[in-house]
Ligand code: NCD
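Given next, in structure tokens, is a single chain: the form predicted on its own.
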């Protein structure tokens, strides 16, 4: 993966996914040992033009744990884009300062545009309602830590805003590489998964059925993406469509994993946090070793 851009979940082969999982396990061991010096002298440019906490900080932490350094721009109002500078020019300049760029944009496809003009590898940290491939990889890593992915049947249910939820778009595509995975999408019709991300044998539900609650091995919950709705009346109609509380979780398999890319609003009650099925905080922590692995791979170290 030396010098590759990471732009879409569709770019990975099964072999590459296995490589990333193995390298992430190595990085987790390195973290336990206090970090590494493999990226000494290297710089990560973090360009985040949309709000971010976990993705930006885990990218920056990953580079620091590898012994590298970070330069960042986290508010477009303080960038030269407010003066009219186009993304193409920004990327050319930052690519001259840094060895790798992590970017988040408000517009679908803009990460791909950035990669076209960048002299260094670009890592897509989320492009509007498009994709979030590095999130999909840490989601996969989290699932693999608790389930024998590809070795046993696995039922995965995506629940929530599936139209605008870019993390779902990416993870659903990554999971297609593994045998024995049954995928279901649970969402009100107006925010169901776009056709480009579904397959004919996927199950589509508009309500959270007993079957999904009691039989799923992984339930991936997403918040309603209020900032992406054009119709606020429509948002009001669906914003509380699914709320997970302790009573609901008690009906799940003891070994079921509840994932959420975070931040959450009210779709998972805090009372769920202490239950064994709740894996979303661990999931967020897994962003560091996975992004360490990606940085190391694209830099060839």
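Model, not experiment: these values are computed from the prediction. Residue numbers count along the first chain shown, from 1.
There is also a form predicted in complex with this ligand; it is not shown, and the following applies to it.
The stretch among 272-280, 256-264, 39-47, 26-34 whose residues place heavy atoms within 4.5 Å of this ligand in the predicted bound form is 256-264. Shown alone here, residue 167 lies within 4.5 Å of this ligand in the predicted bound form, counting heavy atoms only. Using a 4.5 angstroms threshold between heavy atoms, residue 223 counts as touching this ligand in the predicted bound form.
Using a 4.5 angstroms threshold between heavy atoms, residue 187 stays clear of this ligand in the predicted bound form. This ligand in the predicted bound form is approached by residue 104, whose closest heavy atom lies within 4.5 angstroms of it.
In the predicted bound form, 132, 135 are the residues of 110-135 with at least one heavy atom within 4.5 Å of this ligand, listed from first to last.
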